[in-house]
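Take a look at this one chain, the form predicted alone, written out in structure tokens.
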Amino acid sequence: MKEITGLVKGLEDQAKLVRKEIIRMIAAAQSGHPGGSLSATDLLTALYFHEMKLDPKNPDWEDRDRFILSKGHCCPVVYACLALRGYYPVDTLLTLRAFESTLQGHPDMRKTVGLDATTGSLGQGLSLGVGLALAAKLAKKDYFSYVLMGDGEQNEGQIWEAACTAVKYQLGNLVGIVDQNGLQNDGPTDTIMPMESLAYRWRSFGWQVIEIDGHNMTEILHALSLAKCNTDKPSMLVCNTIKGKGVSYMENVVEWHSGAISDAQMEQAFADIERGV
């Protein structure tokens, strides 16, 4: 029990560092997508700092686990995780969106070490994940492929084509994650394109579905463990989250889907994150 408690506490502390770097880089760039990056921070911290097999010194390691950020505009959270894992110096984060920077406004695997896919157009990441998972299965490799999607992104039809394909080929090595924060660029997801219960929809497509609090590290770790135990069907984690999580003036505010952060706002955000609002 002490070991689990220590792991959870360590990951929670790590998530605070990730959140601070997200704020810092977007403030430096005066452009970016803080809301969805912050809502996914706990999920990606669990993946990058505990669950996934990775080697920053050998980023192209053939047997590594793969990660695809389907909601590519939220790349600051991935960039922060990669930097803090040692893929490149943390100061590189301050070049976000700069001309000729390795850290573009959407992930580009040709420029950024540690990325497994180039993303940006919503709805395509799960298809890429299916391809990677199928390749692993055919090659008899044991790596997993993880795909993070937004809840607004579930409006895209290609996602559901990929969902059918993953079930057909029994891709138990594929784990999808929906960051269900309830807001997308133009407003609440349930008014722009109502999807009713995402958990029900994914189950109806034949996936193993695990619905959790996407900010509860214990639940996240348990869900990721359950997903790896299912060998004959893909798993979908439907994660209830808060857009802008950890920063008081951003939480559940659709205007912080994207935007510039002032120095004063940055300092307020740091204070909020540190005390755990």
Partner chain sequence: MTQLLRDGISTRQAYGQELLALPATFEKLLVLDGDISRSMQTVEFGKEYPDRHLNLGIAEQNLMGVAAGLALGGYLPIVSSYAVFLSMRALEQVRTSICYPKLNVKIVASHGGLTPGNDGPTHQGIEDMGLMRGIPNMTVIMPADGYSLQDLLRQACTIDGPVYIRLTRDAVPYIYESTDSCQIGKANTLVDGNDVTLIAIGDMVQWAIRASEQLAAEGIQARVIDMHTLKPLDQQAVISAASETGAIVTVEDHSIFNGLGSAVAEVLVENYLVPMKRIGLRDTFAESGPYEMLLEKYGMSTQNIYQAAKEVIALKS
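Positions refer to the first chain, counted from 1. Please read these numbers as outputs of a predicted model, since none were measured by experiment.
Below: the form predicted together with the partner chain, not depicted.
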Subject >> Option touching the partner chain, based on a heavy atom within 4.5 Å in the predicted bound form, out of Glu161, Asp142, Asp190, Asp186 >> reply: Glu161
Subject >> Among the candidates Thr112, Thr165, Gln154, Thr92, the residue which, in the predicted bound form, approaches the partner chain to within 4.5 Å (heavy atoms) >> reply: Thr165
Original post:
Given that the partner is absent here, does Ser121 sit within 4.5 Å of the partner chain in the predicted bound form, heavy atoms only?
Top reply: yes
Original post:
Given that the partner is absent here, does Tyr169 sit within 4.5 Å of the partner chain in the predicted bound form, heavy atoms only?
Top reply: yes
Subject >> Leu128: touches the partner chain in the predicted bound form, heavy atom cutoff 4.5 angstroms >> reply: yes
Original post:
Using heavy atoms and a 4.5 Å limit, would one call Leu84 a contact residue for the partner chain in the predicted bound form?
Top reply: no
Original post:
Tell me which of 128 to 136, 195 to 203, 146 to 154, 175 to 183 has residues with heavy atoms within 4.5 angstroms of the partner chain in the predicted bound form?
Top reply: 128 to 136
